[in-house]
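Take a look at the structure tokens below, where one protein chain is shown in two forms, each on its own, as structure 1 and structure 2.
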Structure 1
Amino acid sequence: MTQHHPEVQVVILAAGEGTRMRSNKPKVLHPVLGRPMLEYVLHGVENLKPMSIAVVIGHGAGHVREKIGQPRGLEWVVQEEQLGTAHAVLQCEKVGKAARDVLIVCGDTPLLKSETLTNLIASQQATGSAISLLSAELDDPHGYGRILRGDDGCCLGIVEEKDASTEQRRIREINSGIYCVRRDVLFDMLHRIENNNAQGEYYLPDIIPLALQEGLEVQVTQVDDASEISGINDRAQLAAVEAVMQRQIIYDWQMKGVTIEHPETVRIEATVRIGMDTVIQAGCYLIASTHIGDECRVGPYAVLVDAWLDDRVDVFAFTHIHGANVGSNTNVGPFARLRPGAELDEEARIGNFVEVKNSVIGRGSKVNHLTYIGDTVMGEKCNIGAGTITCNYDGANKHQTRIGDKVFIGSDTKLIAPVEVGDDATIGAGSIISKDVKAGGLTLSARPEQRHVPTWQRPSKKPD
């Protein structure tokens, strides 16, 4: 469990352009399983309950602020010129002056856990070190700075790979770029860092040799799971981090009582919620704010985006549900499409090749085959025949169709909105309905004439 750290100021470095992403979008806004990578980092440090959080932004600063908003306790700090990581942190000198320590993290490390940061802060405070840094052991440390330790295990410094000897390059412990630094030490060192390098930038790791030269203690805390410190610099690394996060999300839902068949084929984004005893079959995509209740079955190859499913809903193969609400004990699909604004009441049935848009389907009503229902309010226990279409668009405006309770509409019927069908009405197959239909009886229409037979009685179902 994480602890409160009101004595800590958090600085998140999120100003880089991320040129290797080859994108017009700021790197920290690239989504990882549906959320910008910066949001994961923010969530992790918010759990620490620090004094405040400063996010250093630069490239695409306006887009970053617009996307993230203004969470409580967050301060935006703009790095007008991107002159390196040390220069970025220096922009926060006027922020959080009352803090004892400054925790510095990167905005492109969405796997980083708040528990790991708590351990780093605890190590810093327990040892009284000037600087504590987070390290990890990698099987392939290529590209990272190596941690140099003495025989007693104390940190002697960091050597960047380009400056490392052959022996030093064999070292597998690397610098993550995540630090907890005593505030007075940090800004003193930042003002002394020079930019004598090919890029002419001020690098944050240069505080380490400066501190050691002053005789200050530098503490190294090694993370248990090296994947936590994985930074994202290109699309391949983005995919790799997503894969790690996806495995963890699937494992967490499995531990909460969700069956996920062929989990390697399933995508479940971080904002999705799933109830107990639900089964997710192969190839499903569960996206954005989708909510699935208890004892549901989804798939295979169903796509749910911002969908809400109550309990005991069966979604059959290749169904697409986007921005729709589905009541309990309902069946949808296969090959059905529920578009935004579709509302299915309990025990409704939506069958193959049926599309529903901005419509209410009443309790127990059935729309089973090859049908389009748009801008419609349908009552309870209706039966809509195959090939029925609500003609809701006149080329300029949308119009509504209203269908009462217990209505039976024969196959291949066209309902030209605006039109209303009364309770218990029956419409004969192939009808084109352009006028309101009276309750009860049978209505037949083949343009230009529409007629009503008030004495007609619907046949009763023969007993089994």
Structure 2
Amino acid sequence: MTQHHPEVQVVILAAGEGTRMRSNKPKVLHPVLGRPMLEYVLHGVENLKPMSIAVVIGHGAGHVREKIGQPRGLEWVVQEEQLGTAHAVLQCEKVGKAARDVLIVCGDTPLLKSETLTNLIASQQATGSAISLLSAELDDPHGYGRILRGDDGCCLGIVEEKDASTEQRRIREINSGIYCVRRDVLFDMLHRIENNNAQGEYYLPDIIPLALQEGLEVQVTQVDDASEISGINDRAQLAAVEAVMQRQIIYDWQMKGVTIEHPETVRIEATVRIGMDTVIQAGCYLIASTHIGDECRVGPYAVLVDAWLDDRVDVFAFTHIHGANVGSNTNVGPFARLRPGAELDEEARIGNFVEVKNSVIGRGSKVNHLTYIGDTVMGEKCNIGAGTITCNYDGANKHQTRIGDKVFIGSDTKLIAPVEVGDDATIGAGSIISKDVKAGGLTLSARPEQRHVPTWQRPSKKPD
């Protein structure tokens, strides 16, 4: 359970360039399972209900603001030049002045849990410390600041990788970059920090020796699960964090009644919703705002992007659905493609090698084989034969095809839009339809004459 913390101001550091990502995009906007990494951190601190949240931005500030928007209680603080983490926090001196404590987190740690932050704040307040920080023991501490401890085990300070001696680099206890600091102490110390170090930067961890000199209490708490504080600095770390998050998301859906076969092969983004008793088979990609109802079966190897599936939908192997709505009790695929604006009413059937774009397929209608339906409104209980094509594009404009209820279209028919087919119409196989089709009866275009050549002999292979 997280508590409310009206006495705490949160500072999120997100101004750095993220050089190690080698990207034109600001680091904190890189998506982790479909959501910018900064959004996770924001969500985590919003749960604490703090006095205010200041996000320090600099590199790509405009992009960051545009992407994240303006959530309530959030203040953007611009750090014009990125002179180091201490300099970044110093830019927040004018906000949240009434706070007792400042909670400092980085925008690049999306696995961080609200509970961990609540515990840090609680222990800072219970022990009366001036600074509380989270550390972790890592097998590979490379790149992180190391915690220096005295003979009595007390924290003496932090040394950055680039400033550390060979012996100090062997220390496996690292600084998470997550601190809770008494506000009056923080800004007093920040003004005194210097930048005479390997990177010529103002280091936030340098508040620790300054506080100790003043006789103030500094407390270091190790997190139980080190993966929670993993910072993303490059794309390999991005992939590692994504893998941890993916396992958590899959576990959460399993606990909510979703069967996931071969879970190590699927991608389910953080933004996806799945109903009870649904089965997700191997190799599926469930992306962006995809919603899947109850008792569906998806896969194997289906890709769903911004797809909406009602209940009891079967999506068979190798189907691609993007920006489409699929009604309940429908079947789609295998090898089908639903593109943006495709809408399937209940009990519709879309079969193999069928593409549907910006079209309504009415209740119970079947489009089972090798067909293109674009810019079409189709009524109920139609049967569309194999190889039917709605010719919707004249090279400049898109035109609509309207098909009534209970229409039967023979195989290999071309419907040249704009065109309308009346209720109960039947169209003969191989027809080219360029004029409206009357309701009922049979409509067919002229067929080439069928000939028989009795004298013709099929070539035969020479015997070996």
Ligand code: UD1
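We call the rigid core whatever largest set of C-alpha positions still superposes within 1.5 Å between the two forms. Here the structure is a predicted model, which is why all the values come from computation and not from measurement. Please note that residue numbering is based on structure 1, beginning with 1 at the start of its sequence.
- Source of structure 1: the form predicted on its own.
- After superposing the rigid core, the Cα of A164 is displaced by 2 Å or more between structure 1 and structure 2.
- The Cα position of G215 differs by less than 2 Å between structure 1 and structure 2 after fitting on the rigid core.
- Taking 2 Å as the criterion, C154 counts as shifted between structure 1 and structure 2: its C-alpha moves by at least this amount when the rigid core is aligned.
- Core superposition gives E173 a CA displacement of 2.5 Å between structure 1 and structure 2.
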